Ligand code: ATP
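The chain that follows stands alone, in the form predicted on its own, written as structure tokens.
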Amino acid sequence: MDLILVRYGEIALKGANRRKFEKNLEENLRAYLKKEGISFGGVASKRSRIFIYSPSRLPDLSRVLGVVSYSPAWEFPTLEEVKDFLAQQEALFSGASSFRITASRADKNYPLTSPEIERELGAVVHEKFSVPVNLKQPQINVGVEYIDEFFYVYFEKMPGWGGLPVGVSGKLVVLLSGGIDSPVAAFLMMKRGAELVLLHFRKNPIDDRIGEIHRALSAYAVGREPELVVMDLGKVKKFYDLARRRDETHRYMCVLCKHMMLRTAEKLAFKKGALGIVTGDSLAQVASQTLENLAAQRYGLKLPVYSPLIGLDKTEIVNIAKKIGTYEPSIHHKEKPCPLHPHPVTRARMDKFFQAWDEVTEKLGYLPWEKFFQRK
């Protein structure tokens, strides 16, 4: 292996901003390699590819968001040297049932077309090792890319998550409950290039499961790891103690708590320079996530609230959580902010919500709704 050939996707469509996105991905790759203790000769971009030169070993670049796929590769200045290299790969081709050569040219001025390159290299392998060609389902697929006067040969493509490199899309505050959903929501927003501040409300001394979730997410954002902010549930607990005194107000407790958390997240976002809030809401998954309840919880906020899981079902969310490493710590995190009413409201009415809010918050020093909207 001379180098690692890294492929990205939609970054190539960014027009005038493309180089900015490429540089960000390069920086994230360098940070990841250094953290993993992998020495390398350099990282550079050319022709919609990023090259990591002379790595000491092959890293798991699926941990770097923005990478679509990557391959350990060999570099050759001429097609004849590629032929000699393939003719020496007895360990690879001996006993193989089939193969194909897949060639591409970033420089169309090269005298041979891609199919012609494939035929010339394929003839060498077939004659040397008597392996039949299978263009549809080959056992071995040899990739050859011609870029800026060099041939790059590889035998495997390793998948990444794709998306955008962390840090190109601004900052967001994530409500991190510790359950299955919110870490997945956080991951998906990182995959869209967002830098995160994770806000967790604790009832007891912080559960290390939150630390595990934080570390799992940070593994995908080396150099731009999410900041973890932990706040005490103090006022939420007082909310509950006051709300439970009246049954109708108690039924709105879940909506009231979520609204208070969103308000707190908004204050933190303004303080951190974040441009919005992220939640793990999935439409109608639980009582608090009906359209009516979501509308009540978010009413009056000045910053947008993003919910990347809103259209996913639980199975889809769990599958992602297992892949990114947040599932196990999430299922062992049992802390809930407050006990729910046995029959929580599922279709919040705004007039009832305002009334419940005012009843509970008057003694906690919050502005009533009417004055809340008059504030500057």
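Quick note: we count residues from 1 along the sequence shown, nothing fancier. Keep in mind that this is a model prediction, so the values were computed, not measured.
Beyond the structure shown, there is the form predicted in complex with this ligand, which is absent from this document and is the topic of what follows.
Query raised in the report: Heavy atoms within 4.5 Å of this ligand in the predicted complex: which stretch among 94-102, 219-227, 133-141, 287-295?
Result: Within 4.5 Å of the partner lies stretch 287-295.
**Report entry** Partner-contacting position among 200, 209, 272, 191 - heavy atom within 4.5 Å of this ligand in the predicted complex
**Finding:** Looking at 200, 209, 272, 191 one by one, just 200 meets the 4.5 Å heavy-atom criterion.
Query raised in the report: 261, 147, 79, 303: which sits within 4.5 Å of this ligand in the predicted complex by any heavy atom?
Result: The option sitting close enough to the partner is 261.
Query - this ligand contact in the predicted complex: residue 175, any heavy atom under 4.5 Å - result: Yes - in the predicted complex, heavy atoms of residue 175 and this ligand come within 4.5 Å of each other.
Query raised in the report: Might residue 280 be said to contact this ligand in the predicted complex, defining contact as any heavy atom within 4.5 Å?
Result: Within the cut-off, so yes.
Query raised in the report: Are any of the heavy atoms in residue 179 no more than 4.5 Å from a heavy atom of this ligand in the predicted complex?
Result: Residue 179: contacts this ligand in the predicted complex.
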